[in-house]
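The chain below stands alone and is given as structure tokens, in the form predicted alone.
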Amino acid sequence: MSERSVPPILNERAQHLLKVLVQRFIRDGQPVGSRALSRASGMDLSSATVRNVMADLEEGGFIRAPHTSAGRIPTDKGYRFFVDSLLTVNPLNPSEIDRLKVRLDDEAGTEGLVETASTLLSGVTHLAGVVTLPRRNHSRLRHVEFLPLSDRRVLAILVVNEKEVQNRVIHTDREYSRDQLQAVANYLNAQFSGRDVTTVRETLLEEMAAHRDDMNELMDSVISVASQVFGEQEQCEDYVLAGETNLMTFTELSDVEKLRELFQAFNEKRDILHLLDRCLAADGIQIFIGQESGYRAFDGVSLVTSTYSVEKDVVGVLGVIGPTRMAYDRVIPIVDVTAKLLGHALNTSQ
């Protein structure tokens, strides 16, 4: 599940008590004292024995004492050990999967599916759902048309991946007649239909570099117009975020300064996109707990992600953002199944 697992330095009793403490804190959000832990553990242990184990756990950095309480709460290290070594994740039952599947309508188009998946993750977990848009290099060009507009503008109409239609207005360095634009479109459709959009862009750049001095008028028009259209495909990746206001309901995230910092990170997107990009190269569920993300805005926050694929190619990441005391046993299978369903829906919609 993660490459950041903690060596199993705790004995069986300490592991059990840590597991119970983490589960109680996730459920109630209140520090757990030795007496409550002793009762909840189901083990025949005195409060003094439990206090000694808790002292060892605290010394090892797995739990800590809040300033105003005699109880203990998990640290990031404690959550990490819990997730990697103690957590039991039960798969979703068929009826739950069906309810998720019916929400992802494969007729909604790519962006519609991404928005639905993000809203779905948020609604089911009552946390924040995040889904990156599929990487552009997966798009395959099916057909392109150009229509002349006023003021040296051209409307480009692209059909990619069979059903997805993209319209964009580009600004050219000179006026083009309808016939000239038709000739450009005919050339591109003949040469590049069915090919990856990134390949189209790279080929055009190569053509520009190799034949700039001796290009005929048609090729000059093709390069001038098409390089703008397909160059825009290389825009920065983006993501859809839903349910971020759910995070305001958690006491540990309700501090005004903490919320301001977190929501600023959401708005600027750079740090989250960098974090999600790190998940693209990893298989299966990835979990960043608190300071593991490397960004101060995510202290006290966990991110549970999974990649999703189209035609066996990983094209994006989806996940759930919430407090470190989120119900990992519940969130993990929801993220895992939603990623698979989104990939299936995108495959169907191609």
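All of these numbers come straight from a predicted model, not from anything done at the bench. Think of the rigid core as the biggest set of C-alphas that the two forms share within 1.5 Å after superposition. Sequential numbering from 1, following the sequence displayed.
The discussion below concerns the form predicted together with a further copy of the same chain, not included here.
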Residue stretch of 96-104, 241-249, 78-86, 274-282 approaching a further copy of the same chain in the predicted bound form, non-hydrogen atom distance within 4.5 Å | 241-249
Which one of Ala183, Ile223, Leu147, Ile170 is close to a further copy of the same chain in the predicted bound form, taking close to mean a heavy atom within 4.5 Å?
-> Leu147
Name the single residue among Gln191, Asn90, Thr199, Ser254 that comes within 4.5 Å of a further copy of the same chain in the predicted bound form, judging by heavy atoms.
-> Ser254
Is Ser177 one of the residues lying within 4.5 Å of a further copy of the same chain in the predicted bound form, judged by heavy atom distances?
-> no
Give a yes/no on whether Tyr187 approaches a further copy of the same chain to within 4.5 Å in the predicted bound form, heavy atoms considered.
-> no
Is there a heavy atom of Arg195 lying 4.5 Å or less from a heavy atom of a further copy of the same chain in the predicted bound form?
-> no
Determine whether any heavy atom of Ile157 comes within 4.5 Å of a heavy atom of a further copy of the same chain in the predicted bound form, and answer yes or no.
-> yes
Using a 4.5 Å heavy atom cut-off, are Val165, Leu259 and Gln264 all in contact with a further copy of the same chain in the predicted bound form?
-> yes
Does superposing the core leave Ala156 with a CA shift of 2 Å or more between the shown form and the other one?
-> yes
Once the two forms are fit on the core, has Leu181 moved its CA by at least 2 Å between the shown form and the other one?
-> yes
Post core alignment: Met248 C-alpha displaced by 2 Å or more between the shown form and the other one | no
